[in-house]
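Have a look below at one chain only, the form predicted alone, in structure tokens format.
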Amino acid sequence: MVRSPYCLWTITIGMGIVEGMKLTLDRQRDMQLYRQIAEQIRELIRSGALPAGCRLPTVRQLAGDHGLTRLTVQSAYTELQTQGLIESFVGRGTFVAEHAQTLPAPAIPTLAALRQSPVEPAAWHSQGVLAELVRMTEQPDLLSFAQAIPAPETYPTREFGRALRTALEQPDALSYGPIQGEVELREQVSRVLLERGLAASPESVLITSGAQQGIDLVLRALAVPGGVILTEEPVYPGILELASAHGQQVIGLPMDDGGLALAAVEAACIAYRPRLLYSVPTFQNPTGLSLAPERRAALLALARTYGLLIAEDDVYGLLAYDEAAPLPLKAQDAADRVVYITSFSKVLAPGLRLGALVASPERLPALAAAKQSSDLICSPLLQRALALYLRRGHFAAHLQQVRALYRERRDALLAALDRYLPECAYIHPAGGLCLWVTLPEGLDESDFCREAIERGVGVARGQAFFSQPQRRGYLRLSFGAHTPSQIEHGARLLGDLLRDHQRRQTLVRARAGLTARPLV
């Protein structure tokens, strides 16, 4: 008989099979029964009471033991499976996954905790986090890993210059154009999206001034003024600044190795009935994580159930380095719950300020009206030049080049972190331009980042990616704009700084011990 030290239930294990499992279920709680089951089994797995490879009771058995419907138990098992904790095999049963104990446990908020959470974005977000990141990049003597930008040497100046000169031969290219965007560019965007597995007609595409404007249009046209917006956490700071500007409240939801924790999404939907979820499900900014394939279908099902719209930001989806990127949510969106946002800033050149969103005919007019009131149109000249560049077939070769380049730079940063910052934990991104670093316990993030700048290295503070202050320190390091030798140099300086901080902490603790006096 094994008793978990964390929960009030007992299980009997013999020959790797759970013979009986007694769970404590409270039918008066706000939390649904299937989530209570999933939560308790999750804790048994995390604590090691249910080891890897252990077979769980059948759905029929667990339902009969606790007077539940089979659907309730099956829903619990499905949630655990989407989190990578258990595996089911037809004809064999359900087992604890091999690597279940190594996955970080997401902090799933209860309904009570959500209702008590402060949801106003922190005041400092109105002070321009994005502008701060840009300013660091503009300092010529600073080796800045702060801004997620592509390598300037990859900008297609020659090919795009030719396209621009051709576009200039059309006199109306310097006039006004359609609010929705030039037809030629919308056609080319549709073709580009096919590589992402998304079939979108030109009529469903709206050209925007980058992804940032696409997000803004969604918040203005489709979210409730002053309402609640759900996001992953940590999250791209641009959504925090935009939500603050529109007076909208942000609820940050936890992530684990499989991306956004869906139990937290459902809890927030029940607590707040939000209109919108903003998500970067592929190579998420800042973590580089991707939402697990099985969770994508489950998230769309939650969106249908709770009437939730999803703003899918896919600016990094074309930058996959190890294997093909997961399909976008929009590619599986049969119920029209997703507005898709992308941009050419990360894959081509940020100065073009051209992006696109894809929406249904029912949602597109409101988004186009928001575009018209924002800046009327994007430059017809730049749109036509980009359309010509894409039509002439340059983009495929460009993507092949930059994927190889950024893969090399990502690997250089990973190797440098292993060498110079082994005390830190970090996520291995399969794509995108960012790497998320967790600083050691007790290290002051603000002091560390300030002193890093003094030593010539700029980093993005982890606090910028949270709606509320954090106790733990983090960094986002962006590797796209730097050569392997620059990456090596910057990581070595950060490693030296980290050890200086740790030495100071040791001295402070030692002095505190020497000066301490007993109370008598």
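Given the structure is predicted, the values throughout are model-derived calculations rather than measurements. The first residue of the sequence shown is number 1, and the count goes up from there.
Omitted here: the form predicted in complex with a further copy of the same chain. The next part is about that form.
Interface residue among 324, 376, 194, 396, judged by heavy atoms within 4.5 Å of a further copy of the same chain in the predicted complex: 376. This chain lacks the partner; the member of 402, 303, 173, 413 within 4.5 angstroms of a further copy of the same chain in the predicted complex by a non-hydrogen atom is 173.
Among residues of the shown chain, residue 307 is not one whose heavy atoms approach a further copy of the same chain to within 4.5 Å in the predicted complex. The closest heavy atom approach of residue 160 to a further copy of the same chain in the predicted complex falls within 4.5 Å. Contact check for residue 85: no non-hydrogen atom falls within 4.5 Å of a further copy of the same chain in the predicted complex. Contact annotation: residue 213 falls within 4.5 Å of a further copy of the same chain in the predicted complex, judged by heavy atom distances. The three residues 149, 246 and 346 all sit with a heavy atom within 4.5 Å of a further copy of the same chain in the predicted complex. Note on the interface: of 356-364, 291-299, 215-223, 263-271, the segment with non-hydrogen atoms within 4.5 angstroms of a further copy of the same chain in the predicted complex is 215-223. Along 256-281, a non-hydrogen atom within 4.5 Å of a further copy of the same chain in the predicted complex is carried by no residue at all.
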